[in-house]
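The chain below stands alone, shown as structure tokens; this is the form predicted alone.
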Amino acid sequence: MRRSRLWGRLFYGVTGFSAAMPLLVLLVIGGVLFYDAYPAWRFQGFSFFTGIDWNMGNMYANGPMTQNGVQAAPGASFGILPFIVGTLGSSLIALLLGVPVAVLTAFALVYRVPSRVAAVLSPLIELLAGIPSVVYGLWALAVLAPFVEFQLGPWLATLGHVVPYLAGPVGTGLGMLTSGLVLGVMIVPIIAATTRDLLLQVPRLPMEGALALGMTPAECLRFIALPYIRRGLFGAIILGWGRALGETMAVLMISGNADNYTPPNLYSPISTMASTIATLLDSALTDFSGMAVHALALIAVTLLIITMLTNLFARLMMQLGSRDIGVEVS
């Protein structure tokens, strides 16, 4: 009896600790980042988010300068607006391209493709989600960048009189559009696999009844399946968006690595917050004042806050959606 109670207490202790681990890890990571980023906030202030000039200063000066009570290399200035624009722009392009493809892929696997074929294709989609990002980057460098430079970009540029942001020189194909395309390919497996699992929970009777009444498959998807899985689908989209926001290596290889200006058109080279941290970390470590590392930590804090806000917004929208349709999808 005592042994069973001991094992019961041990079980509850281990499970309780495991349940608290995600929160503890988030608090530890957030606390360390905020502590390390605070000197950069004191040095630059709110202009850190609105400025476009990123300059770590003179690394060979005799001594640091003091500003707002903290020290930095002479001439240092940190503004990350171009990085924020690059991150949000490329991830939104990825959503615009990836979400329709992912939803239609999931619908085809559940309702249109024979079960034997679906049993082969479904694991392949999940396999795509496990491909290293550097592989996607090399593929995009060899395939997507030339496609954008010589075919897609020039065609879109002809629409510049309708949408001014599409006008302008296409360049080498390394930029925001190519980054958005590769991110769109990378988020398709995540959204498609989640959407497929959600569609499998839709009752078949309403779908079959709608088809029997003469509705087309597209109408069944629009009026029957999507309203039923709306909450879960929104969560899947936010999950894919989180992947796009934090992607580093693939974007680093095909974004063009441009800073100190906001992209004037869709094809301009960009830098994202994640790729900037990876690119500048080595040189930041050579800053004798340490302010460059603090600035990179503040970029990480900004990216963390954006990711958390998107997830909180997703949960809010999912709760509002459940009130509209009265359906719980887990």
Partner chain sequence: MKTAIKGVMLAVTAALTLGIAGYSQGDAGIAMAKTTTHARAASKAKSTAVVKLQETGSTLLFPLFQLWAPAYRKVAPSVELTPNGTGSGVGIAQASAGVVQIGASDAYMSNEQLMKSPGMLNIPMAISAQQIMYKIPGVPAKDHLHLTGNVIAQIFLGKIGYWNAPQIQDLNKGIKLPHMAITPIHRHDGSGDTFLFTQFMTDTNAQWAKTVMYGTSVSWPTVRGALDAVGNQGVVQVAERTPGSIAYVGISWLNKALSGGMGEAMLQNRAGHFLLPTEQTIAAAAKVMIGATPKDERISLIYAPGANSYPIINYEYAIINEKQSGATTAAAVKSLLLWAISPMGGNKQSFMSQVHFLPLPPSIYPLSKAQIDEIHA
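Residue numbers count along the first chain shown, from 1. For the two forms, the rigid core is made up of the largest set of C-alpha atoms that agree within 1.5 Å on superposition. In this text, all values refer to a predicted model and were calculated from it rather than measured experimentally.
Only in words, not in the display: the form predicted together with its partner chain, which the text now covers.
Though the partner is left out of this view, L280 does reach within 4.5 Å of its partner chain in the model of the complex, counting heavy atoms only.
In the model of the complex, at least one heavy atom of N58 sits within 4.5 Å of its partner chain.
In the model of the complex, its partner chain sits within 4.5 Å of a heavy atom of P64. Remark: P39 does not count among the residues lining its partner chain in the model of the complex, judged by a heavy atom distance of 4.5 Å or less. Just one listed stretch, out of 155 to 163, 230 to 238, 142 to 150, 88 to 96, contacts its partner chain in the model of the complex at the 4.5 Å heavy atom level, and that stretch is 142 to 150. In sequence order, S283, L285, T286, D287, F288 are the residues of 283 to 300 having a heavy atom within 4.5 Å of its partner chain in the model of the complex; the partner itself is omitted from this view. Once both forms are overlaid on the rigid core, the distance between the two CA positions of I52 between the shown form and the other one is under 2 angstroms. Once both forms are overlaid on the rigid core, the distance between the two CA positions of A61 between the shown form and the other one is 2 angstroms or more.
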